[in-house]
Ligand SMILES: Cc1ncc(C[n+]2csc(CCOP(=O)(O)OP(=O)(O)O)c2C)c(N)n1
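Okay, here we've got a single chain as structure tokens, the form predicted on its own, with questions on binding and movement later.
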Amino acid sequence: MPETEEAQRTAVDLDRDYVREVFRAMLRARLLENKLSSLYKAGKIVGGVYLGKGQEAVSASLGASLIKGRDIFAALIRDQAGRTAFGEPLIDCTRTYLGSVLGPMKGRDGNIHRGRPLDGMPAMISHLGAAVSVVGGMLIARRLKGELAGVVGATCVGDGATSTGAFHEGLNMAAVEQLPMVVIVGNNQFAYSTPTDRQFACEDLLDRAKGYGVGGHSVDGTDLLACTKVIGNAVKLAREGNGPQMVVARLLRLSGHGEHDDGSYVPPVLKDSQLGRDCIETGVVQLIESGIATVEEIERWKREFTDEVQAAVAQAQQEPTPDPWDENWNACSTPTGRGL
């Protein structure tokens, strides 16, 4: 049986294919990011590398709940798993990190600031909550065009973002307009190196949902089965016309803020707590014990995804980098500004 009571309850009525899709995206993202970390440490990547280690269950549960070609997903720096689940090919990531001119940002941005707006994925900015307003604006645009029915817009932020004005303004507007939006707050205990007790004074960030007048949900972000159920339900509620939904996921960032940061400020007692569990290790146990996947399947997926990652890196490394003398200087390789 799954190892927590919450997981035992949720395993009963979860969609098996959905859970497998979420886990596969988690695993593919982890293997890709392990490779990116190695490339960064070997000096092969210019700029920063920011990983989602420990937050994959939350991110992938959101990405897999959205519909590519219809929905909107504004990913955060720790959302490689969500991007993968939403359908972003691995080559988009490796091309961006390795500066290929064939990447979605044409090799002009060194790491995670990539997007494909026409596919419902706006380019990420170092936003600290600003993406809430961006997604809200995109949903308003769909409404004005008469294309909002059945659409969900979603984004992820960290606990630090909830202290910013952009987060407040965006979520308040979404609530007033009753937009079909899902906002995931990954409470990973630190805003860079600032602990939560220096970020907010409320007992639980979930308390803020009531203040904004949006639906509020809380989940153990280290628990795969709980994440699939809670986040999947939040997306369903938004899609069915119940207005914005906010999910607060409790977890711990299992790396530094970026690969340049060793995270030495995280106390050992926190690493050894429930928050410090690795959601992939927990997910493996849950899938096997609930009969959703076998050991052999998981090992086969690891081999397949490792080969995919190696191929995506090798391809991007062979591609040309930008030539300033042969550029049109459009921001993205795909058109922007219309049809959002």
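Since the structure is predicted, the reported quantities are computational estimates derived from the model, not experimental observations. Residues carry their position along the shown sequence, with the first being 1.
The same protein also exists as the form predicted in complex with the ligand; that form is not shown, yet it is the one meant from here on.
Residue contact with the ligand in the predicted bound form: Leu128 places a heavy atom within 4.5 Å of it. Shown alone here, Tyr192 lies within 4.5 Å of the ligand in the predicted bound form, counting heavy atoms only. Contact between Asn188 and the ligand in the predicted bound form is found at the 4.5 Å heavy atom cutoff. Using a 4.5 angstroms threshold between heavy atoms, Gly160 counts as touching the ligand in the predicted bound form. None of Asn172, Asn233, Asn242, Thr164 but one reaches within 4.5 angstroms of the ligand in the predicted bound form through a heavy atom, and that residue is Thr164.
For the residues Arg250, Arg108, His257, Arg114, the 4.5 Å heavy atom test against the ligand in the predicted bound form is passed only by His257.
Residues of just one listed stretch (145 to 153, 115 to 123, 224 to 232, 74 to 82) have heavy atoms within 4.5 Å of the ligand in the predicted bound form: 74 to 82.
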